[in-house]
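Presented below, as structure tokens, is a lone chain in the form predicted on its own.
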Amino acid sequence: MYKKLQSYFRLAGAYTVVGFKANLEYRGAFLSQMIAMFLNDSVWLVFWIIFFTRFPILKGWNVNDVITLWAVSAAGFGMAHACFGNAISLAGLITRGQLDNWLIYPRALLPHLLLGKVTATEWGDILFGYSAYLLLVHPSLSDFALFVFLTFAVAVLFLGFSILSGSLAFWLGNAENVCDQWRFAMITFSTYPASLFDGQAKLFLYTIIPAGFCSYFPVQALKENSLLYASYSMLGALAVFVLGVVAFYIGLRRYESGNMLEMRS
């Protein structure tokens, strides 16, 4: 088992290096996309900072909590999709019968498929998340170590959710619009203070749109320096990831090839 995991880590590393080098062939485009995403995240964060200068406390949340929320959400989302770029376009690949390219590999299908694309914009998310937390929150070394762990937990959450939502295409056919809307809802709710929601809305955020594992537990873990809340975040993320993987492989039995002949280098 250990050797198998080690082998897949090497595979992920090789895919990432090759994809990163391919992006750097168009260095100007890569940097411009990364900077554009960094600025996009920054504009939203400035909005919240201005809001909190007018209303310093929002149901127990202060400006540092919102900065932490945006930092961990952006960094986690970026880590999930910077190297696993095909997770975002999974529904389209299934709908158009384009899984054929990866079905020929001897290893498990899903890792090859997800690692087959490295995207530029998500590197801007990672840069923004870590920069915002370090420069605006000024964490201690232990807080920063916990932040790094939580960004990995949120990355697992977003990756699992992308797999789960994209797998809808196995049953719904052309599900790209449904998948995109579901994912946008997840992103939106994961960047709003969890204290704004209660009752049925709060239950909704831990089930249909599991943004609560991103918008509540990580912030509370860093706010209270709590390993318990950090564990809740990781456990919720792993549950969503496992559900996504199971849904993908069950749906794969329904997959219909696109019968495409394509040359890949």
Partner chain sequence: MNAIKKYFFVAWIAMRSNLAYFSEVSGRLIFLGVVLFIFLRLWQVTFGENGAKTLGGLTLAQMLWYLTVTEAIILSSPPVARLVDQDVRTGALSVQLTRPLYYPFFCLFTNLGERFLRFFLNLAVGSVIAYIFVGPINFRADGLALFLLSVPLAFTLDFSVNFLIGLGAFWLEDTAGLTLIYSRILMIFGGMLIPIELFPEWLQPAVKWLPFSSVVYGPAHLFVKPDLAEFALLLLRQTSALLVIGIAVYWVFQTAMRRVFVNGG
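Predicted model, so just to flag it, every value in this text is computed and none were measured. Residue numbers count along the first chain shown, from 1.
Although not depicted, the form predicted in complex with its partner chain is the subject of the following passage.
*Asks:* At 4.5 Å between heavy atoms, only one of the stretches 110 to 118, 179 to 187, 135 to 143, 94 to 102 reaches its partner chain in the predicted bound form; which one is it?
*Replies:* Of the options, only 179 to 187 has residues within 4.5 Å of the partner.
*Asks:* Is there a heavy atom of Asp198 no more than 4.5 Å from a heavy atom of its partner chain in the predicted bound form?
*Replies:* Yes, Asp198 sits close enough to its partner chain in the predicted bound form that at least one of its heavy atoms falls within 4.5 Å.
*Asks:* Tyr192 versus its partner chain, in the predicted bound form: is there a non-hydrogen atom within 4.5 Å?
*Replies:* Yes, contact at 4.5 Å.
*Asks:* Flag Trp48 as yes or no: does it have a non-hydrogen atom within 4.5 angstroms of any non-hydrogen atom of its partner chain in the predicted bound form?
*Replies:* Contact with its partner chain, yes.
*Asks:* Mark Val43 yes when one of its heavy atoms lies within 4.5 Å of a heavy atom of its partner chain in the predicted bound form, and no otherwise.
*Replies:* Yes, Val43 sits close enough to its partner chain in the predicted bound form that at least one of its heavy atoms falls within 4.5 Å.
*Asks:* Output the sequence-ordered list of residues from 30 to 67 with at least one heavy atom within 4.5 Å of its partner chain in the predicted bound form.
*Replies:* Residues within 4.5 Å: Ser32, Gln33, Ala36, Met37, Leu39, Asn40, Val43, Trp44, Val46, Phe47, Trp48, Ile50, Phe51, Arg54, Phe55, Ile57, Leu58, Lys59.
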